[in-house]
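Only one chain is given next, in C-alpha cells, and it is the form predicted on its own.
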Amino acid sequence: MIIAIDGPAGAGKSTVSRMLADRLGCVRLDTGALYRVVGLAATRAGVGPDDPDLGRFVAGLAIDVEPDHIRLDGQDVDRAIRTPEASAAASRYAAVPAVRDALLDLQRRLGRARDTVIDGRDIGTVVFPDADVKIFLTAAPEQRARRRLAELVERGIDADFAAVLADIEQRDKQDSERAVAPLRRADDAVEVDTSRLDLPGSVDRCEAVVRAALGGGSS
C-alpha cells in the first residue's frame, strides 16, 4: 500500500506523514530529504545545477535512508539539511531533470518495499501516480512560516519569521513554476488544509481520508 502526501514547503508533511505512518503501521519515506541531501552534497562539492555531470554526480552519492535519520557517505546529515539554505538549494536542484531521474528509481524502490507513507512534491503526480491514497496537504503561507520557524528554533537553528516566510514564498514559486514535475494537486488527491488545524487534528483528518479511501470510514 502506498499513501502519497504532497504539498508546499512548510505544510507539515514531514511530521504529519511520520505520525500517520505510526498510526497505520506503515514506514515513512521523506522524499524531500533526498533532494535536500543532493543540494547539500552538490553545494559542498561545487557542482552547480547547470553542471553537465550533475546527474552522474547524484547517481554516485551514497544516500542511506533510516527511520529517523538520513546519511550521506555514512555521515548523519539530518540536521544539516533542515536549514533555510539547504531548503533553497533543494528547490534549485530539484528543478533539474537529471536530478529527478537519478532519484526516481530510488524513491520507487524504497516506496514499494513495504506499506509506505511517502511525502514530497510530486509523489501522487509523477513518482506514484497509481498510489492507493493521495493527499494534498497545504496551509496559508504565514501559518507554514510560523510552523517552520518553530521547527528551526527547536533544532537550535537561528532564524527569523520574515526570512522564513520569504523562503516559503520563494519555494512555492520555484516548485510550482519549474518545468519538470511542478508542484500541483493530483486530480484524484484529497486536499487537506491545515491552516486552522493543530497537529493532532491534521493527522486525524489525513487518517480519516485514508480509511475512507480504503473503505474503512468516511472523510
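On a predicted model such as this, the values are computed, not experimentally measured, just so you know. Residues carry their position along the shown sequence, with the first being 1.
What comes next is about the form predicted together with 2'-deoxycytidine-5'-monophosphate, which is not displayed.
**Student:** When 2'-deoxycytidine-5'-monophosphate is placed as it is in the model of the complex, are 36, 175 and 178 each within 4.5 Å of it, taking any non-hydrogen atom of the residue?
**Tutor:** So, yes: the whole triplet contacts 2'-deoxycytidine-5'-monophosphate.
**Student:** In the model of the complex, which of 137-145, 71-79, 122-130, 109-117 comes within 4.5 Å of 2'-deoxycytidine-5'-monophosphate (heavy atoms)?
**Tutor:** Residues of 122-130 come within 4.5 Å of the partner.
**Student:** Answer with yes or no whether residue 194 is in contact with 2'-deoxycytidine-5'-monophosphate in the model of the complex, where contact means some heavy atom within 4.5 Å.
**Tutor:** Flag for residue 194 set to no.
**Student:** At 4.5 Å, heavy atom to heavy atom, what parts of 91-110 sit next to 2'-deoxycytidine-5'-monophosphate in the model of the complex? List them in sequence order, or say none.
**Tutor:** Those in contact are 91, 94, 100, 107.
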